[in-house]
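The chain below stands alone and is given as C-alpha cells, in the form predicted alone.
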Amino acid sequence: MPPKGSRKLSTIAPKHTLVLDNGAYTLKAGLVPAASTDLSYDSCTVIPNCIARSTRDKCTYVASELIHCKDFGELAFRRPVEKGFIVNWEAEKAIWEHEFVESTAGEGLMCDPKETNLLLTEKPNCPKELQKNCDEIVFEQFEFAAYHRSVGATFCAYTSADGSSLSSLPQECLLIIDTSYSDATILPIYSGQLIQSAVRRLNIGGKLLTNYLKELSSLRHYNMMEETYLLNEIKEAVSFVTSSKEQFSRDLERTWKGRLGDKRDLDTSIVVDYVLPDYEGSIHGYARPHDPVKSRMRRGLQPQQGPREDLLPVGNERFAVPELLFNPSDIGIQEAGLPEAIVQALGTLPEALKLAFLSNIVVVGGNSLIPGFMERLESELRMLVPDNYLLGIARADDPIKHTWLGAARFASQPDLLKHVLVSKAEYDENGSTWLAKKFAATAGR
C-alpha cells in the first residue's frame, strides 16, 4: 500500500456508471450516464451468470454465449454465486471480462473500468471475507474508477412498483419480498435503510424448485438428473400455484392415477404432456394437453402411430413443486412458509411501522411470475393479519429487472451518488478495512 498522502485523489468524476445486479441465475446490467432521465426496464440487459459446458458438442459457453447453444442436453453449469453470494471469483471474473471489458461485450455494455463507476448489489448478511474479496477484485483486478456496494433491495425505494416514478428521496416504508434463484428474502426498508433485525430468509428458491422437479421426474418417468436446463424450462412453462391448501389437496386427488386394480382417469385440465426436444429438429420443448392414447404408446401398451415423440407427462408436479414456497415442510425443510415468514419479520417491529410496511409491499424475483403466486401470497397473508390492517401488495411490473432499475435511477442522480462512491485512490490510500467500514456507514444513505 502506498504511504498515506502519497497519491493525490482524483477529482474528475467518470461520466457513466456500470450498474450491476449480480444475481445467482442472471446478471442485470447497464451503463447509466450521469443525470440520465429516460431510464426504463428496457435500459437493462439480462445475462446468464454462468459458464456452461456441453458434454455433447464439447463447447464451452460463457454467459451470453449460451444463446448460441444448439444442444442443451446434459449441459453442465458452473455458477459463481451460491446462496446469493459470489464464492467463485475465477468464474465471475471471466464472466465480467467477457461481458463488459473485452470485445465480446454486448451492445452498450463495453466499458473501460478505469473510466467507469461501478454500483454493485449484494444480498444481505454477506460474510465479511466474501465482501473483502469482492472489493479487492473490483479495485485491484478491474481497477474501476469508483465503486459502491449495497444490498440491492434498498435501491427499490427509489422507484415505484410499476417503474414509472423517479425520486431523489426514498420511500419512507417499503417491504420488499425477493423470491429469487437462491432463496426468498423479506427485507423491510425504512427511508432507504435496511432494518437488519427484521430481515428473514427462506431457503427455498428457483434452484431448489428445479432440483425437486428433477427428482420427481426421474423417479416417475426418465432419468432427468443431468437435464438441469430442460427441467428449468419445463418448470417455467407449466408450473402454477394453487389458490389454497384445500385446493392443493383437491388437485392432488384429481391427478392421482389410483391404486393397482383401481385405475382412475387423470384430470386433463391439470395434467399436460411436455414434448421433449430432440436437439436436432427442435431446441426447445413445449406443453400440450394430455393425451391418454399417446401415453399408452409411450409405455408400449399400444402400437406407435405417427411420428415418434418423447413425452414427459407432468401432473401434480405442476403445483407440488412451487407449493414448497408456502409449505417447505412438504420435503422436510423445517421452516415457515413465505406468508408466515413475512409476519414473523414484521412482528419484531413497532406497531406503527408494521402497519406502514403491510400497506406497501412490493414483490420481486423470478418466482413471483409463477401463475397464481401473487393471489396465493395475498390471500394467505390476509388471513394472518388483522382485518382492520390495510394490506397493499403488488408485483413489480418487471420483477427480474426492478432492483436494477432502482439502482440505475439512484446512479443517475449525481448528488446521491457522490456521497456513497469510493474512488480507487481512496481505496489505495486507506485499504480494505476502511472501505468495509465506509460501506457499512453509508448503508442507510
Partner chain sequence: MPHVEVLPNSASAAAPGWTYVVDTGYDPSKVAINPKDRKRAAARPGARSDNELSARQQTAIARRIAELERDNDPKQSIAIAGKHATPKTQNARRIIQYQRQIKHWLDDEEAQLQQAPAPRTAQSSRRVGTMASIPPTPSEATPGPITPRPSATQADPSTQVDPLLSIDNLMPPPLDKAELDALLAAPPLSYAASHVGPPAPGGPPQRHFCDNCGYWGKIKCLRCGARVCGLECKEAHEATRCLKWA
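Residue numbers count along the first chain shown, from 1. Small disclaimer: the values here were computed from a predicted structure and weren't measured.
What comes next is about the form predicted in complex with the partner chain, which is not displayed.
For the candidate set G108, G347, P371, P289, a heavy atom within 4.5 Å of the partner chain in the predicted bound form is found for exactly one residue, namely G347.
Proximity to the partner chain in the predicted bound form, defined as a heavy atom within 4.5 Å, singles out one entry of A336, I270, A237, L120, which is A336. Contact between K294 and the partner chain in the predicted bound form is not found at the 4.5 Å heavy atom cutoff. For the chain shown alone, E227 is a contact residue for the partner chain in the predicted bound form, at least one non-hydrogen atom being within 4.5 angstroms. In the predicted bound form, at least one heavy atom of R201 sits within 4.5 Å of a heavy atom of the partner chain. Using a 4.5 Å cutoff between non-hydrogen atoms, V314 does not count as a contact of the partner chain in the predicted bound form.
Within 4.5 Å of the partner chain in the predicted bound form, a heavy atom is found for all three of E74, E215 and Y279. The stretch from 31 to 39, 393 to 401, 52 to 60, 409 to 417 that comes within 4.5 Å of the partner chain in the predicted bound form, counting heavy atoms only, is 52 to 60. For the partner-free chain shown, N327, S329, D330, I331, G332, I333, Q334, E335, A336, E340, A341, V343, Q344, G347, T348, L349, P350, E351, A352, L353, K354, L355 of 325 to 355 come within 4.5 angstroms of the partner chain in the predicted bound form, judged by any non-hydrogen atom.
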